[in-house]
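Below you will find one chain, with nothing else, as C-alpha cells; this is the form predicted alone, and questions on how it binds or moves follow later.
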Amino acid sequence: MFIICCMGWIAMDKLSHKLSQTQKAVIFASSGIVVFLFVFCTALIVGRYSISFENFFRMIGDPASYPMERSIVVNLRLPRTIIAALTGIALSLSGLLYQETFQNKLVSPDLLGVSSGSGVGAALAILLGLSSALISLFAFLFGIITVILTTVISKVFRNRTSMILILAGIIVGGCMSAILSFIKYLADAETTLASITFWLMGSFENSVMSDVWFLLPIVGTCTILTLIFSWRINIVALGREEAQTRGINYSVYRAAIIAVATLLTASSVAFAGTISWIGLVVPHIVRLLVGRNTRKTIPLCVIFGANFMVIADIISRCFTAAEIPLSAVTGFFGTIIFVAILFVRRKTISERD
C-alpha cells in the first residue's frame, strides 16, 4: 500500500506535466486527503485482532453492541494512529523548514541536535525507571535544552552565518551522542539497555489519548503559523541580503522559523522516539512534485507526512508477531520511493528543486 500510493502520485506527476504548479498542488493535495481518510480508517481496522469493514461501521453506529471492537479501536488504535499522523506532519514540516532556512537540501529535523538531546533525556528517564509520561517529558525538555545550548554556542563565535549554527549543532549533537553511549554503558544489559535501544528506533506502541492532547495543540499551532507566514519563509529561504532588500527582518524570522521547527521535532521525538528519513525525504518529494514555493509545499508536506507515517505504522505492527521499529520501515520504504521519484524526474530536476 505504501508503494502503491507513491507510485500513483508519480504517475499523476508524469501525466500532469502541462499543468501549472498551483493546479498540480491542488490535485496532489486533494488526492492526498482522500488517501489519508482511507489509510486512517484502515489503521483502525487492521492489526493482530482484525475488524471487518462491516463491523467497524456497525460499531460506529451502535458501539454498545461491539464492546471488544470499540475498546480496541478507541483505547489502542485511535491514539496511536492520531499520534502517527501528527508525528508525520511534525517531522515533514520541520524538515522542510530547516532545509529552506539553511538553504541546504540535505539537512533533516535533527540538524541542531534535537533528536540526540531527546534521546539522552529519554535514556536517562528509562535508566532511572520513570514512567512513560515522564520519559516523554524528559525527551521533550532535553531536546529543547539541546537547541538552546546549540544557539548559545553559535553566539560565542560572533558570526551570523547559518554555517556557524549548523557546526554548533554538529558539535552539540556529537556531545549528546557520547553522553547517550555512556548512559547505555551504565544500563542493565538484560532489561534497561533493550528498552533504550527500542525507544531510540521509534514506536507508537505506548501511545494514549493524553499524548494526543499534548501533541495536537503543538503541531496544530505550529502548522497554522507556518501556513500564515509561508510567503515570509519563501523570502528567508533566499538568504539574508535578499530578505533585507525586501524589508524582512531576516534574523528575527529565521530565529522564529528555527524555533517552530525545533518545537515540532522535539515534541514528535518525545512521543515516538527517533524516526529517520521522513523529515528528509518527504520535503524532497514535495519539492520535486510542485517546486519550492512554500505556499504549496507546506500543505503538501502536512498531507504527505501524515499519510506516510500512518502507513509506516500499519506496516510496523501488522507484518510480524513483534512490532518492527519505525526507523527500519521508514528507512527501507523511504529509500525505494525516493529512488523511484528521482529516476522518473531525472531529466527535469534542477538546482532549485
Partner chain sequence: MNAIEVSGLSFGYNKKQLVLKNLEMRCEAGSINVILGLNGSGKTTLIKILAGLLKASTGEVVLNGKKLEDLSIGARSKIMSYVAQRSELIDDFTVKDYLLFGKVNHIAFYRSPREEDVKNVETYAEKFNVTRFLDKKLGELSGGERQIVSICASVIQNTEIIILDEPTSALDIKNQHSILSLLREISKHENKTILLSSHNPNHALYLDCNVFLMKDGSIIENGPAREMIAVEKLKPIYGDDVCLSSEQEYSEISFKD
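Bear in mind the structure is a predicted one, so any value in this text is a computation, not a measurement. Numbering follows the first chain given and starts at 1.
In what follows, reference is made to the form predicted together with the partner chain, a form of this protein that is not presented.
A.B. asks: Could you tell me which one of T161, S210, N249, S181 places a heavy atom within 4.5 Å of the partner chain in the predicted complex?
C.D. replies: By the 4.5 Å criterion, the partner-contacting residue is N249.
A.B. asks: Pick the stretch from 274 to 282, 226 to 234, 89 to 97, 259 to 267 whose residues have a heavy atom within 4.5 Å of the partner chain in the predicted complex.
C.D. replies: This holds for exactly one stretch, 226 to 234.
A.B. asks: Spell out, yes or no, whether the shortest heavy atom distance between N293 and the partner chain in the predicted complex is within 4.5 Å.
C.D. replies: Close contact exists here: in the predicted complex, N293 approaches the partner chain to within 4.5 Å, heavy atoms only.
A.B. asks: Does G239 reach the partner chain in the predicted complex if we count a contact as any heavy atom within 4.5 Å?
C.D. replies: Because a heavy atom of G239 falls inside 4.5 Å of the partner chain in the predicted complex, the answer is yes.
A.B. asks: When the contact criterion is heavy atoms within 4.5 Å, does K105 count as touching the partner chain in the predicted complex?
C.D. replies: The answer is yes: K105 has a heavy atom within 4.5 Å of the partner chain.
A.B. asks: I'd like to know whether T221 contacts the partner chain in the predicted complex, with contact meaning heavy atoms within 4.5 angstroms.
C.D. replies: T221 lies outside the contact set for the partner chain.
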